[in-house]
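What follows is one chain in structure tokens, specifically the form predicted alone.
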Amino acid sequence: MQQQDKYRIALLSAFALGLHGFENLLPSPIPWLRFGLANIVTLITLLLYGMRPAVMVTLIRVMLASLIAGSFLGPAFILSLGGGIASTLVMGFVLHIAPRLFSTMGLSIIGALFHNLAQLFLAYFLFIQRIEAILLITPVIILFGTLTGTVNGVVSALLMKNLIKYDQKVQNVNEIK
């Protein structure tokens, strides 16, 4: 890995961690539901730089956020790590297999769905072990995840559009020089 890639991953991880911290300041409609704003950075990283940097940004963000919150290796950490890795891997797989089939918003919704499914799976097998409880909460989590995945996908698409415009302007300036 080149030095520039390390800096890029560190900067993107810092953005993701900042969004995660900002999200903690927002009121949540239900105490254990989150908006997943940091996943915007993960999706943009995946689209611009590929699977490996996106997974690294997810790992760094989850680990640092849990260390700061004091939840490292606890249930919240395990659920966050499992959901983050599952969503990033599935989005990367879908992007690799069918790069033009899904829009940025579609990828985000897929990521949100698999994030939630992984968390439900982990919650059942590691913590709750009552299928009734999981089945009761699943529709709420999937609905909220779909809504937040849609919003995060729209934001990601807008950011990608602006990043592409900015990159084109920089290339034009460099060509003039």
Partner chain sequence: MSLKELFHNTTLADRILFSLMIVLSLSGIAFIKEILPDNFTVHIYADGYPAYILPLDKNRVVSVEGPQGKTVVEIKDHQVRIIESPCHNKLCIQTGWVRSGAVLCLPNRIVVTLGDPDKHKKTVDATTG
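Numbering follows the first chain given and starts at 1. Since the model is a prediction, treat every value here as computed from it, not as a measurement.
If you look for the form predicted in complex with the partner chain, you will not find it shown, but the lines that follow are about it.
Although the partner is absent from the chain shown here, none of 60, 74 and 126 has a heavy atom within 4.5 Å of the partner chain in the predicted bound form. Of the heavy atoms in residue 130, some are within 4.5 Å of the partner chain in the predicted bound form. In the predicted bound form, the partner chain stays beyond 4.5 Å of every heavy atom belonging to residue 37. Using a 4.5 angstroms limit between non-hydrogen atoms, residue 11 is distant from the partner chain in the predicted bound form. When contacts are judged by a 4.5 Å heavy atom cut-off, residue 44 does not count as touching the partner chain in the predicted bound form.
Comment: the partner chain is not present in this chain, but in the predicted bound form one of 113, 122, 64, 48 has a heavy atom within 4.5 Å of it, namely 113. Counting a residue when any of its non-hydrogen atoms is within 4.5 Å of the partner chain in the predicted bound form, the one hit in 79-100 is 100.
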